[in-house]
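Listed next as structure tokens is one chain, alone, in the form predicted on its own.
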Amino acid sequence: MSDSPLNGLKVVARASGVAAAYAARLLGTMGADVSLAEPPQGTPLRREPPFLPDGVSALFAYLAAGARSRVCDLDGEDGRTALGALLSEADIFIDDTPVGRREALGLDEAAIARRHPDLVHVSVLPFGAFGPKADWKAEDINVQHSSGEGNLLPNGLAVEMFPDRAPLKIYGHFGEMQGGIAAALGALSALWVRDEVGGQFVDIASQDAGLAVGAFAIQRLGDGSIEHRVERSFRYGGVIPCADGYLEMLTLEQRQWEGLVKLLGEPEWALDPALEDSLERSRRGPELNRHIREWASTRNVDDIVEAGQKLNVPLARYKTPAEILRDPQERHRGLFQPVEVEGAGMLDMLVSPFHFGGEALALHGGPPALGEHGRAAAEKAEA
């Protein structure tokens, strides 16, 4: 897209983990030209399950959609020269190389700043590039629990059904993706002032990004309240089982509660004057949920959602992945785009979780084969 917000921006990513790769993906979706600087065997993300047909990593296919791939073997002089050439033309360098290996590979903050003074150099690690945990390794489960979010899961209906279940993590790579979002925003913030201050080193810790997600629970520590999965602040609503599936409901405002009472048919228990007080509703949350779930258990999800939304009650159906892809709302918003993935065919892929200027963004292609753009550049030079 010629009118993409980051059209003309060049990004180089050395990404072995999700956080750095997702940061590059976000910038690429907004129009930046993204080059993946991969080792000879390719980034470990290429070998990360689940796999599509022909052994293609679904995770890598998503994270690398529209990117270029160049092999840069930093154990040899030719590879370092190749990476240096990429960085000399780049605006942003995103890197998740472990801190202990950076100096030996010429990737430390001082070396990069000396050779490329106008480059925005973004470090993305589980616990940041400085401090006592800088050398620590972590998977997504470590990131989520170290940021406090894991202690709050499962909650709502899940913890009621399985009260003895140990703390869990959100499925997938939620914690690492939060780090990727922070890295993309940090890169753009540094780019914003580059004309005044030159290139900068941006240090991102996925743990810090996760802490920001759970800021409400952290804020409550100040008044002596410790958030726990069995004692969340919103005591009624949440996941509601219905006759043919589940819905999610959360009424935070008085008008939303009043709409819920009308949706329920104004039963006598809901007209109790004491329930006009939001604090009283929270205190009596388990009682309210029993009534709500009893009412919903004999009704279909779509009927409840259609009626509830007309009454300003915030609620929505829990959908399967296939239902999401078929949903007219997602289609209307352009959230998914058909993308060709070699070996797997044409697949519907999430483009971006946001619009820009009121319009959907677009992907520039599927994931690259290892080193394909480096080979193309070499062939062009020889010709």
Partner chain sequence: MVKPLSGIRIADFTVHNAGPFCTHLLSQLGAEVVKIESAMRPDAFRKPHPVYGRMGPATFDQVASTKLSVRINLKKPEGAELAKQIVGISDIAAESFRPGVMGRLGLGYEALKQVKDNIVMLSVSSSGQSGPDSHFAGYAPLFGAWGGLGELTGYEDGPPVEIRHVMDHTVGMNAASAVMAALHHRRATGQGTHVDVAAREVAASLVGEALLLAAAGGEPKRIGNSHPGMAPHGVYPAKGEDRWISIAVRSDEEWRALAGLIGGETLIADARFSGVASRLANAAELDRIVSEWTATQDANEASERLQQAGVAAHASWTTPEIAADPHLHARKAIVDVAEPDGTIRAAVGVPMRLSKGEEIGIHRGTPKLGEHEDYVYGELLGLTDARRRELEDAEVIY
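Note that the rigid core is defined as the largest set of C-alphas that superpose within 1.5 Å between two forms. For clarity, every value in this text was computed on a predicted model and none was experimentally measured. Residue numbers count along the first chain shown, from 1.
Separately, the form predicted in complex with the partner chain exists; it is not shown, and the next lines address it.
*Asks:* Can you pick the one in Ala32, Ala67, Leu315, Ala37 that has a heavy atom within 4.5 Å of the partner chain in the predicted bound form?
*Replies:* Exactly one residue meets the criterion: Leu315.
*Asks:* If you check Gly79, Gly285, Gly148, Gly259 against the partner chain in the predicted bound form, which one has a heavy atom within 4.5 Å?
*Replies:* The option sitting close enough to the partner is Gly148.
*Asks:* When the partner chain is placed as it is in the predicted bound form, are Pro167, Lys319 and Ala322 each within 4.5 Å of it, taking any non-hydrogen atom of the residue?
*Replies:* All three within 4.5 Å in the predicted bound form.
*Asks:* Test of understanding: in the predicted bound form, would Leu83 fall inside 4.5 Å of the partner chain by heavy atoms?
*Replies:* No, Leu83 sits far enough from the partner chain in the predicted bound form that none of its heavy atoms falls within 4.5 Å.
*Asks:* Report whether the minimum heavy atom distance between Gly100 and the partner chain in the predicted bound form is within 4.5 Å.
*Replies:* Because no heavy atom of Gly100 falls inside 4.5 Å of the partner chain in the predicted bound form, the answer is no.
*Asks:* Answer for His228 alone: is it within 4.5 Å of the partner chain in the predicted bound form, judged on heavy atom distances?
*Replies:* Yes, His228 sits close enough to the partner chain in the predicted bound form that at least one of its heavy atoms falls within 4.5 Å.
*Asks:* Even though the partner chain is not shown here, does Asp95 get within 4.5 Å of it in the predicted bound form, heavy atoms only?
*Replies:* Residue-level check for Asp95: no, no contact with the partner chain.
*Asks:* Mind telling me which stretch in 198-206, 260-268, 71-79, 100-108 gets its heavy atoms within 4.5 Å of the partner chain in the predicted bound form?
*Replies:* Looking at the partner contacts, the answer comes out as 198-206.
*Asks:* Suppose contact means any heavy atom within 4.5 Å; which members of 118-135 contact the partner chain in the predicted bound form?
*Replies:* If the 4.5 Å heavy-atom criterion is applied to the partner chain in the predicted bound form, 118-135 yields Phe127, Gly128, Ala129, Phe130, Gly131, Pro132, Lys133, Ala134.
*Asks:* Note yes or no: does the Cα of Trp257 move by 2 Å or more between this form and the one not shown after the core is superposed?
*Replies:* Yes.
*Asks:* Would you say Asn142 moves its Cα by 2 Å or more between this form and the one not shown, aligning on the core?
*Replies:* Asn142: C-alpha displaced by less than 2 Å between this form and the one not shown.
*Asks:* Checking Lys133 here: with the core superposed, does its CA move 2 Å or more between this form and the one not shown?
*Replies:* No, because once the rigid core is superposed, the C-alpha of Lys133 moves less than 2 Å between this form and the one not shown.
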